[in-house]
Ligand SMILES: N[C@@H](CCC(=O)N[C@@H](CS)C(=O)NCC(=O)O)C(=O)O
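Take a look at this single chain in structure tokens; it is the form predicted alone.
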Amino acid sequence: MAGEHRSPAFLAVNPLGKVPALRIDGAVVTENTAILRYLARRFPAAALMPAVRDDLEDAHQLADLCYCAATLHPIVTRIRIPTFFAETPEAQAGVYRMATQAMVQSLALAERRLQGGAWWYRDGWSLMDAYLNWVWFRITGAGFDPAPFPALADHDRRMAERPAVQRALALEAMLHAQLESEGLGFRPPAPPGR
């Protein structure tokens, strides 16, 4: 929130000035999809992603991660922060409205995928569940109507029961409080028209 990602020190890590950036053994990996894939492969015992039998299964997993990173994630930003994309309240309301429409359409895949199963990959939890839950957490926290997506709402309830998720949310709350105390806290604007 203070703009550290635009500082010369961070730009030396990632010239695009974006987060995340993960430094591993002196090298830097950027972009969510690449970082998640790297971590899953570097730590196979953690079972972050299911094992693949062939290149086609590997491609499908990569496509799944890209669905979150390239399809859903950009829409999250428009829902949470329409002020980044438009100056006037009327234009911001238009960004929010169009983003929620796009999210309804884009989440249809996730809703179908989760119907009748607890996790994205039926056999167990994966990084896909974490990323999808991050999307859900962010948009429902910005006024997105969860009612048309009961499978995603059930998924969210299962995720909330996971001790790792509880620890992550507690850490996020603590860091948010710290940012608030430094005058750098962020709360998404009220959904336009509400």
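Residue indices: 1-based, along the sequence shown. Just so you know, these numbers come straight off a predicted model, no measurement behind them.
The form predicted together with the ligand is left out here; the points below concern that form.
Segments offered: 145-153, 44-52, 159-167, 128-136. Contacting the ligand in the predicted bound form at heavy atom distances within 4.5 Å is 128-136. At the 4.5 Å threshold, heavy atoms of residue 6 reach the ligand in the predicted bound form. The ligand is not drawn, but in the predicted bound form it has no heavy atom within 4.5 Å of residue 62. Although the partner is absent here, residue 97 is not a contact residue: none of its heavy atoms lies within 4.5 angstroms of the ligand in the predicted bound form. In the predicted bound form, the ligand lies farther than 4.5 Å from every heavy atom of residue 15. In sequence order, 17, 18, 19, 20, 31, 32 are the residues of 9-45 having a heavy atom within 4.5 Å of the ligand in the predicted bound form; the partner itself is omitted from this view.
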